[in-house]
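For this one, two forms of the same chain are given in structure tokens, first as structure 1 and then as structure 2.
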Structure 1
Amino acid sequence: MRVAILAHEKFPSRAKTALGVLRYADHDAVAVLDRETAGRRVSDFVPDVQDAPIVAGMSDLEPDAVDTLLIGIAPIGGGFDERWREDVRTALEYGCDVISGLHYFLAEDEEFAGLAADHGCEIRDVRNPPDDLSVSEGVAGEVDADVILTVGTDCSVGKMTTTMELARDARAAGHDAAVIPTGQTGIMIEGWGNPIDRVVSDFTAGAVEEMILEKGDDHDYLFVEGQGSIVHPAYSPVTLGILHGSMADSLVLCHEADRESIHGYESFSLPSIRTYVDLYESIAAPVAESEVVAGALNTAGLEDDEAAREAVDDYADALGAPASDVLRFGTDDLLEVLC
């Protein structure tokens, strides 16, 4: 699939979805759309992901050079920025499909729906969960695959990245591994999945279970993308639904070096790493024997490798399990205990 990725005025630092797709998806990235950095290339900013030219808009691309327009950014609130309308319109007129993770559903936009019908295109709003979801039956543990779930001390500590790095490296090592995507970036990278934070509360675990059952007998390892944290004042229900719904065998605890309070909720301190391990394992236990067997520490905030190595070692000590910064030091130590 040849994709153009919309990231106006936000590439690269505030375009998490665009970067995730460039880093992990199998898609052939034809261009990034960013009117602010147009004329440069992805590699001018980020060296270790798929390279592509940056252009100002869809009309800079040839109609037959691209299959799909991906919305690679999300403004606060998840609304649609009307300054993107021309790009979406052009994409549909080119016959491209459009994939979006916005809370504003493009398929329900009258102009876009009409153009999609006229040009035979599909608009896929990945934040819009399927309407045939149901409650969990508590049977995810019956699949053949080993289920490995990333859990976190907070939001934005690297659960999606860790999941993708582990799955890719496991495959490279010859294992049959699949990703279970639970959020918009994971869904865009993998091309399928349920947006767990948007499903009806009662179906949170069921929407995860359904995915485990769909893939669990076709692979040896499932790497489940975790969300939030078990003690997050707002998002803990999503976290617990994924933990109980996946009935994971192994947990990888993700943390950011030096983070001490919950992001955006600074009056709430993070408990100790040991407390997180106990909480995740004890709340899982009546449903599944899930064990924290490894850790992933995001050390992006630490400049030199020596300090990062030290932080990772301290983290491994606190966990009582192997740890790594998966981007900085790779996944070998983790895969040794996971696969």
Structure 2
Amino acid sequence: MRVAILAHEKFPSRAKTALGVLRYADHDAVAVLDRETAGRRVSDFVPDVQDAPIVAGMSDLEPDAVDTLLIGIAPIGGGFDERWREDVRTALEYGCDVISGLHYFLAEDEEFAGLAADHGCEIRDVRNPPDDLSVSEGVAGEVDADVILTVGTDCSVGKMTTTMELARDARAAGHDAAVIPTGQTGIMIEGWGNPIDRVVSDFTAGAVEEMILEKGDDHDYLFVEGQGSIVHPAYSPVTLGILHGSMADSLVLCHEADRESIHGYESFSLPSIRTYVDLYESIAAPVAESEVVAGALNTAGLEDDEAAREAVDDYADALGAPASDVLRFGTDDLLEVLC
């Protein structure tokens, strides 16, 4: 599938969906749309993902060059920015499908729905959950697979990236591993999943459990994409639903080097790493003996490898478990205790 990825004013630092798709999805990236960096290339900013030119808008592409427009950013609250309307309109007029991970459903937008019908396009809102979800039965722990969940100290610290890297490297090492996608980025990469942050609260654990049961007897390892943080003032319910619904065997605690407060809620300081370990394990304990056995530290903000290595070592010491920056230093130390 040939995709254009919309990431206006956010690429690359605040476009984690775009970067996830460029790094892990099996798509041919034709272009990234970003008015601020148009004229440059993805590789000018991020060297280790699929390269593509950056253009100012969908109208800069030939109508027959792209199959799908993918919304590669999701602002806090998941709303639709009206400045994107022209790009979505142009894509539909070109006959392109549109994939969105917003809480605003493009398929319910009267203009977009009409254009899709007129031009034979599909609009896929991946954050629109199925209608047949139900409450958890508390049986995810009965599957044959070992269930490994990434949890975080905050949002946007690398849970999705860590999940994908661990699963990919586990498969490369000969293990039978699968990803359980719980958010828009994971769903766009894997092509299936339940968007847990859009599910009715009573059904969040059940929506995770359903996916565990679907895959758990067909694979040896399930790597569950975590969301949010157990201390997040807005998103902790999503984290709790995934934690209890997955009934994970092992937890990987993800953190960003030098982050001291919750992104977007800077009046809330992050607790100590040991506090996170105690919280995640004690909250999981009533339903599963989940244990934090490894850590992943995002050192993207540290330019020097030596400083990054020192930060990882300090994080491992604080955690009392093996740790790595999975992009910078690989996953071997983590997989040794997970698989």
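For clarity, every value in this text was computed on a predicted model and none was experimentally measured. We call the rigid core whatever largest set of C-alpha positions still superposes within 1.5 Å between the two forms. Residue positions are counted from 1 along structure 1's sequence.
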Students should recognise the form predicted together with a further copy of the same chain as structure 1
The hinge between the rigid parts moving between the two structures lies, among 44, 128, 55, 219, at 128
In degrees, the rigid-body rotation of the smaller part relative to the larger between the two structures is 18
Residue 60: Cα shift between the two structures after core superposition, Å, came to 8.2
